[in-house]
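Given next, in structure tokens, is a single chain: the form predicted alone.
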Amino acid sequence: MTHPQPAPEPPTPSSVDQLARAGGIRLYGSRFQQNPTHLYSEMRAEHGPVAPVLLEGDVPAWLVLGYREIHYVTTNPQIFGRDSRRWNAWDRVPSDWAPLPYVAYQPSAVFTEGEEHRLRGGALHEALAGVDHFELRKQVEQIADELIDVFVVRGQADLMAEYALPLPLLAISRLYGMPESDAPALVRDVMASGDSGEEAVRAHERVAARIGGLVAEKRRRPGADLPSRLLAHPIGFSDEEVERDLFLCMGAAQLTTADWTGNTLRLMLTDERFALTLAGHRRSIGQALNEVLWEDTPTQNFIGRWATRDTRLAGRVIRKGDLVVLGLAAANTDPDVRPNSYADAVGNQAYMSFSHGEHGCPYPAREIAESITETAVQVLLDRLPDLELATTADALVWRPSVWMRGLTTLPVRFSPA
């Protein structure tokens, strides 16, 4: 399936320069790493619900901090589009810019708009909805047990490196119908591709090549898996389109689910509301999962949307081609919609953690992430009932990422078995 694509919009330096001079706050660096919520509050107090920011490399953008404003942006794709080729600041983006893989246009449903997105997004939604959650939870239980078996004899572990990070990828590889023998190399390469340097580039290429080979194999011999369902869809996906969708789905699912798992375990190990009742954890896992999405959502900022024309947002003049970053974590703590603590949001699932609108995370994908995360936490607490943090809560370090909210390590101890 091929579609004519619009030519990239020419840069408009005047509007970019205006944005760069608007007093933008650097949305990166050490002060952002440990306590981004405090920085969001400062930005909200100074600029309101839409703030000028500078991304890595001092690339200018608008950060939407307000809940209502994010709802407006995500429900008006005709004003705030998803095709990054209209960005008016491409001439300011260095070739080694870290967010480039998430911004550069690709032939994926993620970057499509209008009727094409409704067709391709709908097809992806249908393919994801075909996942058997009973079978998925059974497979995740097996994967979790196998990972725990490796470190259970030691009485200590790093739950990020040894559990939360590899588990989603192993589960996704099964949803993709990959041979189990390919899973260890896939895990190593996806982890390495998130680093920097030449080896990260090579690892990224190996993951892409592995998915390309998988799609070619599923085209020849389809099975009961996600790639086969996409290839068989009446819409008529090309192999390249399926490869891109699978690659982006894998990256988004792995990072989000791993950090959702890690952040939930951190909460349950450090907050007495959960730590005092670990023996009855089945009554509190659901609450912990929900609270994390409000307070420490894995995807804290999402890049992004691009203005299709000059417009206004919360009193700000947004020029055609300006980049708008969705501040999902900031919106979740917007005092205009949540004036008090998490107590106001218990049982409420109106968080912006999966974005919103037609370009939000597809609902079946959210269900898959929840099945993986909830099962991973349940199995771990069943196997290690006396699990406890092996350091102080204050000593835990968050990764220095503007986009994702997750721990570098989660050291724990328990009775060896």
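Residue indices: 1-based, along the sequence shown. Since we're looking at a predicted model, the values are computed, not measured.
Omitted from view is the form predicted together with a small molecule, to which the following refers.
Quiz item: Are all three residues Asp158, Leu289 and Phe414 in contact with the small molecule in the predicted bound form, where contact means a non-hydrogen atom within 4.5 Å?
Solution: Looking in the predicted bound form, the three residues Asp158, Leu289 and Phe414 all stay beyond 4.5 Å of the small molecule (heavy atoms).
Quiz item: Pick from 45-53, 365-373, 383-391, 60-68: which stretch has non-hydrogen atoms within 4.5 Å of the small molecule in the predicted bound form?
Solution: It is 365-373 that comes within 4.5 Å of the partner.
Quiz prompt | Proximity to the small molecule in the predicted bound form, single hit among Leu124, Leu323, Ile143, Ala330 (heavy atom within 4.5 Å) | solution = The residue from Leu124, Leu323, Ile143, Ala330 that makes the contact is Leu124.
Quiz item: Contact between Ala89 and the small molecule in the predicted bound form at 4.5 Å, heavy atoms?
Solution: No, Ala89 is distant from the partner.
Quiz prompt | the small molecule contact at Trp306 in the predicted bound form, heavy atom, 4.5 Å | solution = Looking in the predicted bound form, residue contacts with the small molecule do not include Trp306, since no heavy atom lies within 4.5 Å.
Quiz prompt | Partner proximity in the predicted bound form: Leu39 to the small molecule, non-hydrogen atom cutoff 4.5 Å | solution = Looking in the predicted bound form, residue contacts with the small molecule do not include Leu39, since no heavy atom lies within 4.5 Å.
Quiz item: Ser355 near the small molecule in the predicted bound form, any heavy atom under 4.5 Å?
Solution: Contact check for Ser355: yes, within 4.5 Å of the small molecule in the predicted bound form.
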